[in-house]
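Just one chain is shown here, as structure tokens, and it is the form predicted on its own.
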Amino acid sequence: MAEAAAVVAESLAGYRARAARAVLEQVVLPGEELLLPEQEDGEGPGGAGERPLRLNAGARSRRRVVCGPGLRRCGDRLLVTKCGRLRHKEPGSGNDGGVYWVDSQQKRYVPVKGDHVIGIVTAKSGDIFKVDVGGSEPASLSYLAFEGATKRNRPNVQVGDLIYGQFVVANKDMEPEMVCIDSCGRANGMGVIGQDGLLFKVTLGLIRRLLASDCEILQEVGKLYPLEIVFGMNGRIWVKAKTIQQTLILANILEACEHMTADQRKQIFSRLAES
């Protein structure tokens, strides 16, 4: 029994030692506590100045840390809830600690307030539309949540239509609620998506990659054919080109880009441009 306890203590010590080093851009596992060096301490990773990343920092370090997907606040600690690479976005001001999140290859979508998603209308229930967004339960969408909609002027929404909107209510204790207007009451590109086009599903990691400001994939795709494209944070993409053949080619390229290198993408795009 004593030997087993010594082995467990040794393994936990190794775990803490690993977590205490720089973990940015490294793979983290669920249950780990983030241990990141504070910027005031210049002793380097593993030194005495390395402390757990705290969310309610005291007078010594008053930084606002934002938890992204894959992280959960537990008191004043930051725990990992998903397996993936730990990412960090630099803060916009000197008093912020930036944004931390875990980049993972996940297909199951969990609604998040403010996310723009693509949904499918599955039913009408009085003044509410039920929309499938790929989550554990459908989201509700009021007929008044469209630009210019009134009790007399109702939007033309049918079962089976594609809806592009954003969440205004999303938590584990309530049904998700969507709207197709922004804070000013404008559609701003949201609403019913056209009947033509192709809807397909990809991983959530690929969606975040395509929506990044420095993504080169969309620039290369836009040079091939004129297209219309809509991205949903729930892993759905709607694309439309001039012909059905071009639409299928674009969809296949976007699905395959997740597993291709930059050189492989250039070869494929050059072949398509020649043909």
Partner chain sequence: MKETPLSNCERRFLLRAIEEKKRLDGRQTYDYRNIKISFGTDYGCCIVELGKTRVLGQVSCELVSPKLNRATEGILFFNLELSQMAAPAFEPGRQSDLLVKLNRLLERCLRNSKCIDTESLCVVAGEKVWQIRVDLHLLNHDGNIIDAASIAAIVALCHFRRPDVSVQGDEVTLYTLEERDPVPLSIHHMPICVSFAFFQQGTYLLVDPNEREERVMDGLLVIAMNKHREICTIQSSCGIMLLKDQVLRCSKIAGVKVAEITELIQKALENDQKVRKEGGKFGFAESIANQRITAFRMEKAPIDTSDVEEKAEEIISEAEPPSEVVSKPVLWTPGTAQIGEGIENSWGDLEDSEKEDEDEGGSDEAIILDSIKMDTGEVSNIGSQDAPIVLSDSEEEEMIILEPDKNRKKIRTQTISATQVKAPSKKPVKKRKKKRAAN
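Numbering follows the first chain given and starts at 1. This is a predicted model, so every value here is computed, not measured.
Quick note: we don't show the form predicted together with the partner chain, though the next part is all about it.
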* **Location of the partner chain contact in the predicted complex, chosen stretch of 182-190, 168-176, 143-151, 119-127 [non-hydrogen atom, 4.5 Å]** => 119-127
* Would residue 199 sit within 4.5 Å of the partner chain in the predicted complex, counting heavy atoms only? -> yes
* To do: Spell out, yes or no, whether the shortest heavy atom distance between residue 132 and the partner chain in the predicted complex is within 4.5 Å.
  => yes
* Please check if residue 159 has a heavy atom lying within 4.5 Å of any heavy atom of the partner chain in the predicted complex. => yes
* Please check if residue 261 has a heavy atom lying within 4.5 Å of any heavy atom of the partner chain in the predicted complex. => no
* in the predicted complex, does each residue in the set 27, 195 and 238 place a non-hydrogen atom within 4.5 angstroms of the partner chain? -> yes
* Proximity to the partner chain in the predicted complex, single hit among 113, 72, 89, 108 (heavy atom within 4.5 Å) -> 108
* Neighbours of the partner chain in the predicted complex among 216-249 [non-hydrogen atom within 4.5 angstroms] -> 236, 238, 244, 245, 247, 248
